[in-house]
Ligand code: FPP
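Next up: a single chain in C-alpha coordinates, the form predicted alone.
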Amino acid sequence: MQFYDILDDMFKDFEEYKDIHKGKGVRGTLITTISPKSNKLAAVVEAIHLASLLHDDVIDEADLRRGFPSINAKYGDFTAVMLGDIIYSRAFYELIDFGEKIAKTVSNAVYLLSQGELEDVNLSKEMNLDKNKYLNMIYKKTASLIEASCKAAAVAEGLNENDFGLYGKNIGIAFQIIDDLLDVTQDEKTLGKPSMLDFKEGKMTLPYIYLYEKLDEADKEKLKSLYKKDLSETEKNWIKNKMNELGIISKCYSEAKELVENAKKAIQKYNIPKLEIIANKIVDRKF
(Lines give C-alpha, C1' and ligand atoms only; values in the text may rest on other atoms or scores of the structure.)
Protein backbone atom coordinates (compact mmCIF):
# COMPACT_ATOMS: atom_id res chain seq x y z
CA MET A 1 0.00 0.00 0.00
CA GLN A 2 1.51 3.31 -1.07
CA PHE A 3 0.29 5.17 2.00
CA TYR A 4 2.39 2.84 4.18
CA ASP A 5 5.50 3.91 2.24
CA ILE A 6 4.67 7.54 3.07
CA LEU A 7 4.07 6.57 6.72
CA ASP A 8 7.42 4.78 6.91
CA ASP A 9 9.17 7.81 5.44
CA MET A 10 7.54 10.12 8.00
CA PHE A 11 9.06 8.20 10.92
CA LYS A 12 12.23 6.70 9.43
CA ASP A 13 14.41 8.34 12.11
CA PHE A 14 12.70 6.55 15.01
CA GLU A 15 14.09 3.11 15.75
CA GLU A 16 11.07 2.15 17.86
CA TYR A 17 8.74 2.82 14.92
CA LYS A 18 10.26 -0.17 13.14
CA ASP A 19 8.90 -2.37 15.91
CA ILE A 20 5.31 -1.27 15.25
CA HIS A 21 3.93 -3.89 12.91
CA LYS A 22 1.45 -2.77 10.29
CA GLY A 23 -2.19 -3.59 10.88
CA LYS A 24 -5.08 -3.97 8.51
CA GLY A 25 -4.86 -0.41 7.20
CA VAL A 26 -8.64 -0.15 7.07
CA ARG A 27 -8.77 3.63 7.40
CA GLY A 28 -6.08 4.27 4.82
CA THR A 29 -7.62 1.81 2.38
CA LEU A 30 -11.02 3.47 2.73
CA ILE A 31 -9.50 6.88 2.01
CA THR A 32 -7.63 5.78 -1.12
CA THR A 33 -10.66 3.83 -2.34
CA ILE A 34 -12.89 6.90 -2.13
CA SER A 35 -10.16 9.31 -3.26
CA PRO A 36 -7.32 7.52 -5.11
CA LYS A 37 -5.16 10.68 -5.10
CA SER A 38 -5.19 10.91 -1.28
CA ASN A 39 -2.33 8.60 -0.28
CA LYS A 40 -0.77 11.21 2.00
CA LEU A 41 -4.08 11.83 3.78
CA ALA A 42 -4.37 8.07 4.25
CA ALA A 43 -0.87 7.96 5.77
CA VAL A 44 -1.71 10.80 8.16
CA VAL A 45 -4.88 9.09 9.36
CA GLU A 46 -3.08 5.76 9.77
CA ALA A 47 -0.43 7.60 11.83
CA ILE A 48 -3.16 9.03 14.08
CA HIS A 49 -4.63 5.55 14.52
CA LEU A 50 -1.19 4.16 15.31
CA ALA A 51 -0.57 6.84 17.95
CA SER A 52 -3.90 6.03 19.58
CA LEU A 53 -2.94 2.34 19.78
CA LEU A 54 0.36 3.18 21.49
CA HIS A 55 -1.49 5.14 24.17
CA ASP A 56 -4.21 2.47 24.37
CA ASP A 57 -1.63 -0.24 25.09
CA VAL A 58 -0.18 1.79 27.96
CA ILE A 59 -3.63 2.34 29.46
CA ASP A 60 -4.50 -1.36 29.10
CA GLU A 61 -1.01 -2.50 30.23
CA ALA A 62 -0.98 -4.67 27.11
CA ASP A 63 2.02 -6.93 26.53
CA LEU A 64 1.15 -7.82 22.95
CA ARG A 65 0.12 -5.90 19.85
CA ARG A 66 -0.75 -7.91 16.72
CA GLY A 67 1.04 -10.94 18.13
CA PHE A 68 4.30 -9.10 18.89
CA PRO A 69 5.59 -7.43 22.07
CA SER A 70 3.98 -4.03 22.46
CA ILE A 71 6.16 -0.91 22.53
CA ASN A 72 5.35 -0.33 26.20
CA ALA A 73 6.29 -3.92 27.06
CA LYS A 74 9.55 -3.71 25.12
CA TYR A 75 10.69 -0.15 25.86
CA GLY A 76 8.52 1.00 28.75
CA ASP A 77 5.49 3.25 29.18
CA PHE A 78 7.46 6.50 28.85
CA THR A 79 8.79 5.59 25.41
CA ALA A 80 5.38 4.37 24.23
CA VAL A 81 3.60 7.55 25.37
CA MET A 82 6.27 9.86 23.92
CA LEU A 83 6.38 7.96 20.61
CA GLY A 84 2.59 8.25 20.45
CA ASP A 85 2.87 12.00 21.10
CA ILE A 86 5.54 12.37 18.41
CA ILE A 87 3.39 10.53 15.87
CA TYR A 88 0.30 12.58 16.81
CA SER A 89 2.26 15.83 16.50
CA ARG A 90 3.70 14.98 13.10
CA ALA A 91 0.32 13.81 11.84
CA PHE A 92 -1.38 17.07 12.85
CA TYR A 93 1.47 19.06 11.32
CA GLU A 94 0.88 17.30 7.99
CA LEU A 95 -2.92 17.51 8.35
CA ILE A 96 -2.88 21.29 7.98
CA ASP A 97 -1.94 20.92 4.31
CA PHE A 98 -5.33 19.42 3.46
CA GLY A 99 -7.34 22.53 4.25
CA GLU A 100 -9.57 23.60 7.12
CA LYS A 101 -12.55 21.33 6.42
CA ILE A 102 -10.57 18.09 6.26
CA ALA A 103 -8.34 19.13 9.16
CA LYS A 104 -11.35 19.89 11.37
CA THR A 105 -13.10 16.66 10.35
CA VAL A 106 -10.13 14.48 11.34
CA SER A 107 -9.23 16.56 14.42
CA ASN A 108 -12.76 16.30 15.79
CA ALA A 109 -12.61 12.52 15.39
CA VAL A 110 -9.41 12.45 17.49
CA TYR A 111 -11.24 14.53 20.12
CA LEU A 112 -14.06 11.94 20.11
CA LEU A 113 -11.58 9.07 20.11
CA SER A 114 -9.93 10.43 23.26
CA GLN A 115 -13.32 10.83 24.92
CA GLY A 116 -14.14 7.26 23.98
CA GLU A 117 -10.92 5.97 25.50
CA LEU A 118 -11.72 7.74 28.76
CA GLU A 119 -15.27 6.37 28.73
CA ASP A 120 -13.93 2.87 28.08
CA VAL A 121 -11.72 3.13 31.16
CA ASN A 122 -14.58 4.44 33.30
CA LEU A 123 -17.03 1.79 32.08
CA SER A 124 -14.47 -0.91 32.93
CA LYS A 125 -14.49 -0.03 36.62
CA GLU A 126 -17.63 -2.10 37.16
CA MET A 127 -19.94 -4.36 35.15
CA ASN A 128 -21.62 -2.06 32.66
CA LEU A 129 -24.93 -3.54 31.50
CA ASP A 130 -26.12 -0.49 29.54
CA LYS A 131 -26.00 -1.26 25.81
CA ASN A 132 -26.39 2.40 24.84
CA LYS A 133 -23.36 3.43 26.89
CA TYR A 134 -21.34 0.69 25.22
CA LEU A 135 -22.47 1.68 21.70
CA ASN A 136 -21.79 5.36 22.36
CA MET A 137 -18.32 4.50 23.63
CA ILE A 138 -17.36 2.33 20.64
CA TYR A 139 -18.69 4.97 18.25
CA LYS A 140 -16.28 7.47 19.77
CA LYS A 141 -13.34 5.15 20.34
CA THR A 142 -13.42 3.21 17.07
CA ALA A 143 -16.04 4.37 14.58
CA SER A 144 -15.45 8.13 14.76
CA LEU A 145 -12.04 7.96 13.04
CA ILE A 146 -13.36 5.56 10.38
CA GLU A 147 -16.32 7.91 9.84
CA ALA A 148 -13.95 10.88 9.58
CA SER A 149 -11.67 9.02 7.16
CA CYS A 150 -14.56 8.48 4.78
CA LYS A 151 -15.85 12.04 5.16
CA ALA A 152 -12.41 13.56 4.60
CA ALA A 153 -11.84 11.44 1.50
CA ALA A 154 -15.25 12.45 0.17
CA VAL A 155 -14.40 16.13 0.68
CA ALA A 156 -11.08 15.62 -1.13
CA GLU A 157 -12.93 14.01 -4.03
CA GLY A 158 -15.81 16.52 -4.13
CA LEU A 159 -18.44 13.97 -3.05
CA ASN A 160 -21.22 14.16 -0.45
CA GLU A 161 -19.42 13.81 2.88
CA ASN A 162 -22.59 12.88 4.80
CA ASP A 163 -23.27 9.81 2.64
CA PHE A 164 -19.74 8.55 3.10
CA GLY A 165 -19.73 9.53 6.77
CA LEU A 166 -22.79 7.35 7.36
CA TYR A 167 -21.08 4.50 5.55
CA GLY A 168 -17.98 4.92 7.72
CA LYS A 169 -19.90 5.22 10.98
CA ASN A 170 -21.86 2.03 10.34
CA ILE A 171 -18.91 -0.11 9.30
CA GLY A 172 -16.90 1.34 12.19
CA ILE A 173 -19.43 0.21 14.79
CA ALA A 174 -19.79 -3.14 13.02
CA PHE A 175 -15.99 -3.51 13.00
CA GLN A 176 -15.82 -3.13 16.78
CA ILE A 177 -18.73 -5.49 17.42
CA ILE A 178 -16.98 -8.16 15.34
CA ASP A 179 -13.70 -7.48 17.19
CA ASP A 180 -15.56 -8.00 20.46
CA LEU A 181 -17.01 -11.27 19.16
CA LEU A 182 -13.62 -12.51 18.00
CA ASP A 183 -12.24 -11.88 21.49
CA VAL A 184 -14.70 -14.56 22.64
CA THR A 185 -14.65 -17.02 19.75
CA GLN A 186 -11.01 -17.09 18.57
CA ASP A 187 -7.85 -18.46 20.18
CA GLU A 188 -4.69 -16.64 21.23
CA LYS A 189 -2.73 -17.65 18.14
CA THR A 190 -5.35 -16.14 15.82
CA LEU A 191 -5.89 -13.01 17.91
CA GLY A 192 -2.26 -12.29 18.71
CA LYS A 193 -3.30 -11.83 22.35
CA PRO A 194 -5.07 -13.92 25.01
CA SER A 195 -8.70 -14.78 24.30
CA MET A 196 -11.43 -13.23 26.47
CA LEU A 197 -9.01 -10.51 27.47
CA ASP A 198 -11.83 -7.94 27.33
CA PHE A 199 -13.71 -9.59 30.18
CA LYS A 200 -10.54 -9.90 32.27
CA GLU A 201 -9.92 -6.17 31.77
CA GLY A 202 -13.46 -5.38 32.88
CA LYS A 203 -14.83 -4.55 29.44
CA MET A 204 -18.48 -5.55 29.20
CA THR A 205 -18.74 -5.72 25.42
CA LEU A 206 -21.99 -6.40 23.57
CA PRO A 207 -21.74 -10.24 23.78
CA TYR A 208 -21.36 -10.09 27.57
CA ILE A 209 -24.17 -7.53 27.98
CA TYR A 210 -26.54 -9.74 25.99
CA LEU A 211 -25.34 -12.86 27.82
CA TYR A 212 -26.05 -11.34 31.22
CA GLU A 213 -29.55 -10.32 30.10
CA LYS A 214 -30.36 -13.90 29.03
CA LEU A 215 -28.89 -15.83 31.96
CA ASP A 216 -30.98 -17.06 34.89
CA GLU A 217 -30.21 -15.64 38.33
CA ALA A 218 -27.80 -18.40 39.35
CA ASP A 219 -25.77 -18.07 36.14
CA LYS A 220 -25.79 -14.27 36.42
CA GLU A 221 -24.08 -14.65 39.78
CA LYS A 222 -21.57 -17.05 38.26
CA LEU A 223 -20.77 -14.60 35.46
CA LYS A 224 -20.31 -11.85 38.05
CA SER A 225 -17.87 -14.06 39.95
CA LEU A 226 -15.73 -14.45 36.81
CA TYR A 227 -15.59 -10.73 36.04
CA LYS A 228 -12.02 -9.34 35.90
CA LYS A 229 -10.62 -12.76 36.70
CA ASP A 230 -7.89 -14.86 35.05
CA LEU A 231 -10.17 -17.43 33.47
CA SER A 232 -9.38 -21.12 33.28
CA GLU A 233 -10.14 -23.01 30.08
CA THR A 234 -13.15 -24.55 31.83
CA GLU A 235 -14.50 -21.12 32.71
CA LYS A 236 -13.86 -19.81 29.20
CA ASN A 237 -15.70 -22.79 27.74
CA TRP A 238 -18.63 -22.20 30.08
CA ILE A 239 -18.98 -18.63 28.79
CA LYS A 240 -18.65 -19.70 25.15
CA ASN A 241 -21.14 -22.53 25.55
CA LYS A 242 -23.68 -20.26 27.24
CA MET A 243 -23.30 -17.69 24.47
CA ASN A 244 -23.86 -20.33 21.80
CA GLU A 245 -26.73 -21.94 23.70
CA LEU A 246 -28.53 -18.60 24.12
CA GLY A 247 -27.86 -17.39 20.57
CA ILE A 248 -25.68 -14.47 21.67
CA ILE A 249 -22.98 -14.94 19.03
CA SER A 250 -25.48 -15.05 16.17
CA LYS A 251 -27.42 -12.08 17.61
CA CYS A 252 -24.31 -9.88 17.72
CA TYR A 253 -23.22 -11.02 14.27
CA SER A 254 -26.67 -10.21 12.87
CA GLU A 255 -26.53 -6.70 14.32
CA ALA A 256 -23.10 -6.13 12.77
CA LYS A 257 -24.36 -7.48 9.46
CA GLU A 258 -27.34 -5.11 9.53
CA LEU A 259 -25.02 -2.16 10.13
CA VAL A 260 -22.92 -3.21 7.15
CA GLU A 261 -25.97 -3.48 4.91
CA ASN A 262 -27.06 0.02 5.96
CA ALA A 263 -23.55 1.26 5.22
CA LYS A 264 -23.67 -0.15 1.70
CA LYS A 265 -27.06 1.44 1.07
CA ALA A 266 -25.70 4.86 2.08
CA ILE A 267 -23.19 4.90 -0.81
CA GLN A 268 -24.98 2.58 -3.27
CA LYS A 269 -25.60 5.36 -5.81
CA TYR A 270 -21.86 6.01 -6.18
CA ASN A 271 -21.21 2.48 -7.47
CA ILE A 272 -17.83 1.86 -5.84
CA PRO A 273 -17.67 -1.96 -5.66
CA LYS A 274 -14.52 -2.01 -3.51
CA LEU A 275 -16.36 -0.21 -0.70
CA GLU A 276 -18.97 -2.99 -0.67
CA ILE A 277 -16.19 -5.58 -0.57
CA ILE A 278 -14.52 -3.79 2.36
CA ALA A 279 -17.85 -3.58 4.19
CA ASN A 280 -18.49 -7.30 3.69
CA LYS A 281 -15.00 -8.17 4.94
CA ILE A 282 -15.73 -6.30 8.17
CA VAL A 283 -18.12 -9.05 9.25
CA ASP A 284 -16.66 -12.00 7.37
CA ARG A 285 -13.29 -12.26 9.07
CA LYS A 286 -11.53 -14.33 11.70
CA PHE A 287 -9.29 -11.47 12.81
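For every residue, the number given is its place in the sequence shown, counted from 1. Because the structure is predicted, anything quoted here is derived from the model rather than measured.
Not on display, but discussed next: the form predicted together with the named molecule.
Sort through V110, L215, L159, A103 and report the residue having a heavy atom within 4.5 Å of the named molecule in the predicted bound form.
Looking at the other structure, the residue within range turns out to be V110.
Quick check on this chain: which one of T79, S114, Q186, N136 has a heavy atom within 4.5 Å of the named molecule in the predicted bound form?
After the contact test, the surviving option is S114.
Taking the named molecule as it sits in the predicted bound form, is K257 near enough to touch it, meaning that at least one heavy atom pair lies within 4.5 angstroms?
No.
Taking any heavy atom pair closer than or equal to 4.5 Å as contact, tell me whether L53 reaches the named molecule in the predicted bound form.
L53: yes, in contact with the named molecule in the predicted bound form.
Within a 4.5 Å heavy atom cut-off, is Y88 in contact with the named molecule in the predicted bound form?
Result yes; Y88 sits at the interface with the named molecule in the predicted bound form.
Would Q176 count as touching the named molecule in the predicted bound form under a 4.5 Å heavy atom rule?
Flag for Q176 set to yes.
For the three residues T29, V155 and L166, which mark the spot I'm curious about, does each lie within 4.5 Å of the named molecule in the predicted bound form through at least one heavy atom?
Verified in the predicted bound form; spot residues all out of contact, no.
If contact means any heavy atom within 4.5 Å, which of 32-40, 56-64, 220-228, 233-241 contacts the named molecule in the predicted bound form?
The contacting stretch is 56-64.
What residues in 123-149 sit within 4.5 Å of the named molecule in the predicted bound form, counting heavy atoms only?
If the 4.5 Å heavy-atom criterion is applied to the named molecule in the predicted bound form, 123-149 yields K141, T142.
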